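Let's start with one chain on its own, the form predicted alone, as structure tokens.
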């Protein structure tokens, strides 16, 4: 199974990848920061609501006495004057009334103000809505009447025809009643029927509007100055089918005939609005509601209410676009657009029509109206923005009579968060790039130093264990430098030891030769004297031992001599095949019992070197093959390549041990086991063969072969 190399450089890069966790931690930090900012914003707007509520505490005159202090309100009787955003054209058409269908209230026979005239079969009914714009209160009534009866041209009565009756209590508490009775479609004819100076109704010109006849009946659209409108109102539509039969049906919001039976109306308080507008510069939308959750005043636009952070600018936001640095240009043109593939920008426009200004809803408002400040988070209707809303109760005489609601979006915080993430991501990208380059350079330097040390160690010792080069010690003051110096010391000591071993044979042969000569001379002199026959055999054994010691010294001297000769040997060009053929012919005579299998070649093959040492090389290998051959056969083959010639000498016999293939050519190494040969074997023959091969820049190897089994010595030499 192939193992994937996981080098030091890859490991360092893997460790460097831990840096990529920094963006995640950074994002978590910014997220935590955003949570604290939201909490701070919540406390801020709650403080704003408390401050405004404090300005409204114990000021009952700011609230509508009849409307805001009622324990409960009745739909259709108690009204809320919607704040219109644009003027209404008094033309009798509801087209310019915003959200008209949702703000009208239906009045039918169930709302009859005269039980004696109530007729469930009557089709007489009408719808009405009230709004406020500027200094006027607007009223729109659409009546269903199968027979519209106008006031006759010369009639003095204003009630013997279809007419609208309105009853108001102004800001001074004065009760007034008005009749709208037209002689035809068009501009309204309005009359006051209370507090008259004479017997006839007085014209009320301040009530302006339009009477429009419709297929179903007629529409009345009118406006009344707010100076005539207090906090009580009632209106009723009286149906007359004949100028002589009187009123047939009277339907209304309440009985307009008496002050006590009127309903209530709430219009946004100008005084509260002035107070609220003073707080509108807080980037918030503010509501003030009464205890029935009807809006008394409002200020601010939620789309611009992003909180205190909305207008906050970071220090470098004022950077002139013409003076951007290359990095800032990269951020503006590439990085920031990339960031916003994942980040969301705060919406500039969103839809939020959650509240009906007649009746605000929300758990935080409910909580505030029972006396406890509260806040809540919510999404806008289009889910584009998050709105934070805080409500604070308004106390009058220890009772809650309203609440202040302050709202802000989180757009300011989201903008600040995005700015922080932009800076964070840019800084992280810069850090990652710089770190990656530094780690890569550091890993490459370490890897190169280790690779260099590895190469020096491999080149210092060859495959035969000989020291061929030294290691240059590093001067770096670190662990790799220490390792390099240790390797250099080890190789140097090992080189000295090998040199000692290599010179030991020559020193031994030099030191032993003199005492051996003394012993041999003594034995020769002793043999010249008459000695007993029994002692002669000991002298013969001693002379045999001296002869063997002399042979050993000769072999040791030969190896030493060969090394010395090869150093000073002069190279010449010679015919390799001629030398080989001559050697084989000589071997056939020397080894008469050996059958040599060799096909000589008459082709000249030039080689540069020493032919005598080449012949000596073949002598050593042939002698070794003849000794180990069990079938008296030696096979000699040659291979001629373009750059080298290879000679194989094989014999059948004992196999080489696997661990001896490389050491067979070392000095003093022999694989003979219990040999009975009287000749000493020091394992120097193949050592000399290797020295001669190395001198000729060749190579010698030994391999086992099978079927039949044996050993092949291969020698390769470069061709010239």
Partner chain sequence: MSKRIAIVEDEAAIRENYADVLRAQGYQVQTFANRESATQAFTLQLPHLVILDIGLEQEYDGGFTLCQWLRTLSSTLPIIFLTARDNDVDTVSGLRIGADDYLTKDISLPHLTARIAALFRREDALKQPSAKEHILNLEQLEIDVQRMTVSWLSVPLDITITEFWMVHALAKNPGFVKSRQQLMNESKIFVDDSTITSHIKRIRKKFIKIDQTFDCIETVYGMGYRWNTANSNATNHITSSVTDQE
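By rigid core we mean the largest C-alpha set that fits within 1.5 Å across both forms. The structure presented is a predicted model; accordingly, all values stated were derived computationally and were not measured. Positions refer to the first chain, counted from 1.
There is another form of the same protein, the form predicted together with its partner chain; it is not shown, and what comes next is about it.
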query: Contact stretch among 530 to 538, 294 to 302, 212 to 220, 576 to 584 - heavy atom within 4.5 Å of its partner chain in the predicted bound form; finding: 576 to 584
query: Contact of residue 338 with its partner chain in the predicted bound form (heavy atom, 4.5 Å); finding: no
query: 4.5 Å heavy atom contact, residue 362 to its partner chain in the predicted bound form; finding: no
query: Residue 455, heavy atom within 4.5 angstroms of its partner chain in the predicted bound form; finding: no
query: Non-hydrogen atom contact residue 524 with its partner chain in the predicted bound form at 4.5 angstroms; finding: yes
query: Interface residue in the predicted bound form among 422, 123, 631, 558, criterion: non-hydrogen atom within 4.5 angstroms of its partner chain; finding: 558
query: Listed residue (485, 378, 105, 513) with a non-hydrogen atom within 4.5 angstroms of its partner chain in the predicted bound form; finding: 513
query: Members of 611 to 639 lying within 4.5 angstroms of its partner chain, judged by heavy atom, in the predicted bound form; finding: 611, 612, 615, 616, 619
query: Core-aligned C-alpha movement of residue 174 between the shown form and the other one reaching 2 Å; finding: no
query: Core-aligned C-alpha movement of residue 218 between the shown form and the other one reaching 2 Å; finding: no
query: Rigid core superposition, residue 193 Cα moves 2 angstroms or more between the shown form and the other one; finding: no
